[in-house]
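Only one chain comes next, encoded as structure tokens, the form predicted alone.
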Amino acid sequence: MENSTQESHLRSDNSVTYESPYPLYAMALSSSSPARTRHHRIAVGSFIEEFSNRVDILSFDPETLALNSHPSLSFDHPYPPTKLMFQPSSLNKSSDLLASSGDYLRLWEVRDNSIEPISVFNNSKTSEFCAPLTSFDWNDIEPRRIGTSSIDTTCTIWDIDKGAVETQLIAHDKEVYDIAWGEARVFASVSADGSVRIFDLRDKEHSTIIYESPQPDTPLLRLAWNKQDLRYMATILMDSNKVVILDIRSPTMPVAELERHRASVNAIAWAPQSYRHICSAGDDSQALIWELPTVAGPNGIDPMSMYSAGSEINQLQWSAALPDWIAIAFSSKMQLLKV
């Protein structure tokens, strides 16, 4: 984009809103729709600062724009879930698997009219207590694998079919805040130590640092790996209005820094079907969609479109099954935006 006057505004008449009785944070969009219906499932988790929290399952019909909650598909969750995610490729069309992180990694089976807890994954051999999980990512190439990140500096790779730990790595010097799979055996993580590190399960003794915060020990909060072009990933720094775009072929120097937010960025998501588009959202109540230049160039990139929400946006998901739709969470609202 040449300048910001060319920004297009995502029209509010192309949005659908769900209002929860609770503040919302975690959010997941199913990657497939049940074969019997056109409806797509969306999970939203409450953010209440006490033990008892809730997860609600909604259904969305993109043709009629109907967004409905289903009381029979609402369940209690211990503590606020830090992340929710549906199994990437559901082979069983009669139900969906949903994973959640918080005190533990948990699996739930979402059926037509009920939800059943399936497993609780606890890596602590000596105690019923464990270090809280900050995030996780489900491996979409080998869906039996889930990687979790924890405040205890580790990343744990679970084989959910066996219910066992495949490996646990001390990944960073401080708390690990996010994890993302690239290939079947390759993942990356970001941490309060200010680094992005890549790990290969075939060589567990080594990791590659591909970026470090310009100011020492500025935490990196989120990581998004571009599934359309694995050379690229994006990260965000604590209390920063920047989105940092990295090319793993040229470590240490970002290929772009997107700096048009007017307050801290909280969430990032690559477009599921375009390697050049990414969405970011933050405390300035804005969701911005960016088109990256094909050649790494100077900074000063402007967003191609923007949407203003009612308050600070703390969560963002770009639907793989419905690539024309982006979901954002702010306050007690979950909003679907047509892009």
Partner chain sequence: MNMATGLENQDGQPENLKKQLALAVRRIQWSYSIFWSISASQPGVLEWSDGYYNGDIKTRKTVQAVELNADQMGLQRSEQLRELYESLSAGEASPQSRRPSAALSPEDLSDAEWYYLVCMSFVFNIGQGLPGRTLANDKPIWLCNAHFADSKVFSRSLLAKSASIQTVVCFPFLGGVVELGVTELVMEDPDIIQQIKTSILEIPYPIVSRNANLCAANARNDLDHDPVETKSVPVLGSDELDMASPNDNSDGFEPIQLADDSLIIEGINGGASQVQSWQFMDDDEFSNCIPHSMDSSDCISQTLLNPEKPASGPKSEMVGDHQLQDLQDCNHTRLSALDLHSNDVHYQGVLSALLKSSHQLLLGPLFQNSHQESSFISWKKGGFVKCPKPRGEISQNLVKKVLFEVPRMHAACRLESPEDNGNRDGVWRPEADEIGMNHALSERRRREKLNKRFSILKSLVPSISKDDKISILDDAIEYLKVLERKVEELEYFRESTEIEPKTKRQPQDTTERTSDNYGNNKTSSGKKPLINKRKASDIDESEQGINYGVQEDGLADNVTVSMKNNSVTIEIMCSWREGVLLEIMDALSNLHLDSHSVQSSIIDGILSLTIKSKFKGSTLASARKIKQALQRFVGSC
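These figures come from a predicted structure and were not determined experimentally. Residue numbers count along the first chain shown, from 1.
Only in words, not in the display: the form predicted together with the partner chain, which the text now covers.
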Any chance Y25, H277 and L337 all have a heavy atom within 4.5 Å of the partner chain in the predicted complex? yes
Is there any non-hydrogen atom of S69 lying within 4.5 Å of the partner chain in the predicted complex? no
Are any of the heavy atoms in N266 no more than 4.5 Å from a heavy atom of the partner chain in the predicted complex? yes
Can you check whether F136 is within 4.5 Å of the partner chain in the predicted complex, heavy atom basis? no
Please run the contact check for Y18 against the partner chain in the predicted complex: heavy atoms, 4.5 angstroms, yes or no? no
Taking the partner chain in the predicted complex as the reference, which of Q168, S95, T153, S119 has a non-hydrogen atom within 4.5 Å? S119
Residue by residue through 180-208, which ones have a non-hydrogen atom no more than 4.5 angstroms from the partner chain in the predicted complex? E183, A184, R185, V186, I198, F199, D200, R202, T208
